[in-house]
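Form predicted on its own, single chain, as structure tokens, below.
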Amino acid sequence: MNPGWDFHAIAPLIIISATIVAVLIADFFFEYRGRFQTQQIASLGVLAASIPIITLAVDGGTRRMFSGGFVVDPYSLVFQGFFLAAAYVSMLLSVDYIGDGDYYQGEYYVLLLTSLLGMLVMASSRDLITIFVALETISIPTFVLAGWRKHDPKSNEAAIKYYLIGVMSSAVMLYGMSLVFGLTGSTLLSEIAKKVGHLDSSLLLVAGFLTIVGFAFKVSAVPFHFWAPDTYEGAPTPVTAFLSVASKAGGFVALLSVVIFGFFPNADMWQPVLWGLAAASMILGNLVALSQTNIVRMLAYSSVAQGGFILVPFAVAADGGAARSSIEAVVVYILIYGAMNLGAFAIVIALARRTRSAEISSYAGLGQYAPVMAVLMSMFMFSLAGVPPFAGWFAKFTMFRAVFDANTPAATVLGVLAAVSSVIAFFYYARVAREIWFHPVADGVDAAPIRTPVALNAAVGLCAAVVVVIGVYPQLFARLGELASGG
């Protein structure tokens, strides 16, 4: 049968695939004579892939291939654009970090691009098999990237834990998907949606539970989060940034697609599970983050908690008229979270070049000898806390708007938990700012001005621009959320 190829629709995938091949060839021929050859090719490929995203958005409409298993529409284009932007910033963070260490540079960018390719496929997948393959394409390269510091025992431990948990979650998820297929007779989400609403089977609830639990591992939702802190701490910091934003978003996009396009007509099979995951992630993630002294581990538990906030609109999407506002909230929150978290990790990388430490106490007195960096880090921390006028406030606003639109007792309870968790989160984010501005420089710390590489400055500048501009003029991302939700 004719698969219905639309080369314009799959142009971003073709470009990234060609870039992977080009990086492999360049690494073979140039080796280490050209230090930044592979990074430059990878970055140019990512930028080139953004061009068809723009032209497809301008053309508008919906393009379907493979009997509806692969769809290019505003929903997929918004996420594809986000993944390309997150990967590009991650590459900027990696340039000097990877270049200065004892790392194989070519393979690094090949793995990063391969994971990105899985994300682009994920954004357009409307079939359980395609979603699973895309999710594994995202995950498998990151297993290797987590252990990239091969002489560091912590990095080895991070990779092993991440790998073992990732494999187990994939098995659980695939088993759940196989049960869904057995009950509905199809792997297409559109066909599943037509049948799950008419099925009254306890086995269907088990199938939905196992599928969602598999995704919960991928997005590090409590109680399936225990791999995240050790992996984030042990992996190279640019890889941690990539995992916490792009890879995590890939899991959320997979979950959103399965729930909205497949499971939505039968809320009983997914809503209680997501409600529990959201509540547990917000509460435990924020409480444990309070006690952390290492900023990477703090950001790891912060990522768990932020994942809980993203799950809140999921959990209330079937209540009242909250479906569209819930999708908008998830999209907007992911976009803003990406900028905030990548920016924070960029500052962590920049300061670690001087202090060789990830302890929060090493930020003491940063405002005295690196005021610009201090202002930016404070801005990212307060944005993560949801403090105006930075973009984080709008992410929280869209989340609470979805809760109000749901207007049910369960949604109200979840909204109260989200509000309390937001207050808790403010304390550990503000603690970093307190170290920066109100504590003196520690003894033995070089208080000379910090010089940061151009690529790192560019990454910080891009993230800061998004956090400030969207905080002042949130309609830009609000419109993207509306387009993704069909508005």
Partner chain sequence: MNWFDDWALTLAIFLPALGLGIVLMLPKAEEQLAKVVALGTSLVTLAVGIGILAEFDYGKAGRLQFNVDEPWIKVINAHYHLGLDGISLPMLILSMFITVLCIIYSWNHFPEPHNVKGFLALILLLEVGMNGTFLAEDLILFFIFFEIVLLPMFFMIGVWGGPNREYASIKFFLFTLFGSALMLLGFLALFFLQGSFQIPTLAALGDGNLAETTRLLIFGGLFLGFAIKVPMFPFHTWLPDAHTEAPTVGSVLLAAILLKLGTYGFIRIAIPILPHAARIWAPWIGLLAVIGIIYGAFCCLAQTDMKRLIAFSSVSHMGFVMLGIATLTSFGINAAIFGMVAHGLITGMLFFIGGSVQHTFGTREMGRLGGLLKQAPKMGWILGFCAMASLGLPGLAGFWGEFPAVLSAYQPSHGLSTDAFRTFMVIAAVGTVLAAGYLLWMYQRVAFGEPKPEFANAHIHDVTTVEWIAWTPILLMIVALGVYPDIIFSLTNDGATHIANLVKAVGG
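Positions refer to the first chain, counted from 1. Because the structure is predicted, anything quoted here is derived from the model rather than measured.
The same protein also exists as the form predicted in complex with the partner chain; that form is not shown, yet it is the one meant from here on.
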Report task. Sort through 299 to 307, 233 to 241, 73 to 81, 395 to 403 and report the only stretch with a non-hydrogen atom within 4.5 Å of the partner chain in the predicted bound form. Result -> 395 to 403
Query raised in the report: Which residue, Pro388, Pro265, Pro272, Pro223, has a heavy atom that falls within 4.5 Å of the partner chain in the predicted bound form?
Result: Pro388
Query raised in the report: Heavy atom within 4.5 Å of the partner chain in the predicted bound form: which of Ile450, Ala57, Leu47, Ala419?
Result: Ala419
Query - Touches the partner chain in the predicted bound form: Phe438 (any heavy atom, 4.5 Å) - result: yes
Query raised in the report: If you check in the predicted bound form, is Glu328 within 4.5 Å of the partner chain, heavy atoms only?
Result: yes
Query - Residue contact check: Ala478 to the partner chain in the predicted bound form, 4.5 Å heavy atom - result: yes
Query raised in the report: Quick one: does Arg64 come within 4.5 Å of the partner chain in the predicted bound form, counting heavy atoms only?
Result: no
